[in-house]
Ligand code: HEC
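Just one chain is shown here, as structure tokens, and it is the form predicted on its own.
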């Protein structure tokens, strides 16, 4: 083998090796373009632009961190998070499908929401920003950020989320029906009154 030919083969092999980690990383992140087609069936409940459908108990997904959303889809499939509708929707999804769908919704722009109950805004703001020291409730912003944009990938965006959906999830954490995201939310929600849950959910809906 000539030295020129050997050098060419070495260059090609080296180039291929360099491309492999990139391909794996791209797959790990997911493809928004591929996810768009895979998420077509999701639009009926979550909106064509990911900003919510006709039922406020269904979440807004636009701007949700890709890794967080892929984890939630995987938890629905495994049964770690219970929801009969979502379990049926994700049954045929592969891990790559979930990453692609996560990447797609992460790429969408979330629209600002609005609080609807003015009388509970002060309580909601106080809980979100300062918690409740008497009952051991931590400030929501310590995990979800001052503007509610979340701290990915573990802590999701809550800004602009439907108050009905947020209230539903906090009550699920409080009653121990939802346990797929560790114990922190279960402990916090358990110590909150239902009035506090409603107030903070309303406040986060208008947070941006």
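Quantities reported herein were computed from a predicted structural model and do not represent experimental measurements. Residue numbers count along the first chain shown, from 1.
Separately, the form predicted in complex with heme C (HEC) exists; it is not shown, and the next lines address it.
In the predicted complex, heme C (HEC) sits within 4.5 Å of a heavy atom belonging to residue 73. Using a 4.5 Å cutoff between non-hydrogen atoms, residue 126 does not count as a contact of heme C (HEC) in the predicted complex. In the predicted complex, residue 42 approaches heme C (HEC) with a heavy atom inside 4.5 Å.
Using a 4.5 angstroms threshold between heavy atoms, residue 108 stays clear of heme C (HEC) in the predicted complex. For the candidate spot formed by 120, 133 and 193, no residue has a non-hydrogen atom within 4.5 angstroms of heme C (HEC) in the predicted complex. Contacts with heme C (HEC) in the predicted complex, taken as any heavy atom within 4.5 Å, map within 54 to 81 to 57, 58, 59, 61, 68, 69, 71, 72, 73, 76, 81.
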